[in-house]
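Same chain, two forms, each on its own as structure tokens: structure 1, then structure 2.
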Structure 1
Amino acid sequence: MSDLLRRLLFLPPAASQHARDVDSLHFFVVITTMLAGLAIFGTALAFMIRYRRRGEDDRTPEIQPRHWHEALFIGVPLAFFLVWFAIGYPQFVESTRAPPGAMDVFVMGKQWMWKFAYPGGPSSLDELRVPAGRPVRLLITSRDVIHSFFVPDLRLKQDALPGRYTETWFQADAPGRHQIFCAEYCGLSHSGMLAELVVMKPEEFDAWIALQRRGLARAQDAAAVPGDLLAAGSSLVEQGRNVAAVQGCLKCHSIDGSRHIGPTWRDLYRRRERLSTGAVVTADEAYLTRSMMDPAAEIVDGYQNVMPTYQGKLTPPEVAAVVEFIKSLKTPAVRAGPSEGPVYESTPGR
């Protein structure tokens, strides 16, 4: 029955007990509303048929309500509204207070990605992994503007406020994957600020988090700076790809040539770009570095000034790695004919 109602109302599957409780209230509200609607519009329809105008000299009596009419008009809906509230408000209060012993996960929204940090230090981007059947408390903050952490399947939403923490909690039933949205408008790629909630079997989660902690420890041993994104042992290009992924560069810059929020990185190196000022620059190492440090200074024509500065966020080796990565994305100039004469640098149109 409740599954049928859920499908009729297009509600997504409920992934926690809280979600099912909220759905029950939802069904109760919808059913009472529909019954009230039927009663009111049925009455109105009956009146309209029975008392339609039959002639231009129709006369009508004066009818005044009695006090009990108005008392009924007030009392009945108020009773229903208060019952709804009496069910809904405790549900809300419950959803704000995590049970003791819940696992803490720090959630940070920033334009336009979600970052999750687990106990002991591991972190992940745009993917929240939690164990099934255990309570998880989310401590949510933002680094720039207000975002809102929203998991429809959990009927859960909490704004992320810059500079302070809000909290909420949930306990997912079973392993599975659930969509995470940003629900508070936060600018250009608001609708691209998606993430995924991965619910794992508890033992798998324990293994995963242990592995993460070990990996973190190894990286910390290896790297000169703790928390450095440059994992030792990989090639510079590979490191650049990691940095670009973790820092969110790839949220705006595609590597397959498609136009996105920022210019694509494919064939960007040594490309001649027209700036919004009309000047033309060659995208060499110097320009690429400048663009990371002071993005607003030289904006490619046709793009918005939305990129944050990475001054202080990237170490010099990381910058070099990203530049190397961009350089690696240069395709050889492909020509249809035989390879004759001087080879020109490809300048694909924007």
Structure 2
Amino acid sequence: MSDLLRRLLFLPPAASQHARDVDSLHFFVVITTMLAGLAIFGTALAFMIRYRRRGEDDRTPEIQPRHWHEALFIGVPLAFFLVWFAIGYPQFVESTRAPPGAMDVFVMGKQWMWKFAYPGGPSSLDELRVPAGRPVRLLITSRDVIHSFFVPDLRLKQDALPGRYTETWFQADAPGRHQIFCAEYCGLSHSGMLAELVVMKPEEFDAWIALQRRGLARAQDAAAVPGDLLAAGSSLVEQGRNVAAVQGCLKCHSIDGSRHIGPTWRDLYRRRERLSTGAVVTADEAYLTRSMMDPAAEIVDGYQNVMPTYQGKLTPPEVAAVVEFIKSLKTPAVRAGPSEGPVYESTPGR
């Protein structure tokens, strides 16, 4: 039945469990909408026949609806919307939370190409290789204008925004090749901004990534240049700590909650900060990225405008790693509070 509906709606084959879940919701919405439309059309046709004007003396009677009529007319459509929400919202939440241990890949959109980079190398243009059966988290940004990373076979679409990064994840079922498009008009060659997702057998992917990293290491040794701040084999949080230390971030921001030149990174993520203008912002991924790229735009109340911009100094993968490091410094028992400090949940024994 699902395959028939997929063909009728001109959908490509589903290459992941998420794609099948999205299709199920899509089919349910389409079927219920069509049934409701047929019911309304049939009722209107029956009323036209049953209550048509039969003579010049016919007068339209005044009808006083009962309360249960109004409840029925409002409740039935509302019930459909609530059912759609009950199915779709958990799918949305799941799509935004990569499972633990997911492999990270950095994605950068640029007129008119896609660049993919793995922590510690390698990188590639317009070809993304991933293992089948393993979760993959994509950290997406743009170098110029707004793009949209779209893989129809995975029912996966996520905007790529300049100056910040967004994330999504997927897990492909089996080896194969899938087309990648840009789904946001980005200029004259928008339609040619194509790439390919290559899903490999896990053992073949492991061999490929090891070979690429050995080649990258040999190239770096031959060129006698310093290694990348994103060391191969390390976690994203460890890489973020390394970037922060090398770039001097920890000279101004403490990680233990103590006050310093800049706001402490301890429990900073999702904390509500009061700015010098009086506005209050939430320190989410977008804010943390903006604070690195344009620190003078949103100055936290009580601190001076002394932070330099890191626009052009940090690559998108390095920015993403620093943000992940800051997120790791949030303790589970802390909830977001105002800028005067974190607010701790009460626990037994305290």
Partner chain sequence: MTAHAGDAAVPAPPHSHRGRYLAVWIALLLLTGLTWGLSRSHVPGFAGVAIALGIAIVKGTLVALFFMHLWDRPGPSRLVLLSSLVFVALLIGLTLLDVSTRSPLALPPDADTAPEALRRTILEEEAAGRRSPPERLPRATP
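For numbering, take structure 1's sequence and count from 1. Basically, rigid core = biggest C-alpha set you can superpose within 1.5 Å across the two forms. Note that the coordinates shown come from a computational prediction; the quantities given were computed from them, not determined experimentally.
Only structure 1 comes from the form predicted together with the partner chain. Relative to the superposed rigid core, V29 undergoes a CA displacement smaller than 2 Å between structure 1 and structure 2.
With the core held fixed, V280 shows a CA shift of 2 Å or greater between structure 1 and structure 2. Once the rigid core is overlaid between structure 1 and structure 2, A98 does not reach a Cα shift of 2 Å, moving by less than that. On rigid-core superposition between structure 1 and structure 2, the C-alpha of D57 is found to move 6.1 angstrom.
Relative displacement of the A46 Cα between structure 1 and structure 2 on rigid core alignment is 2.9 Å.
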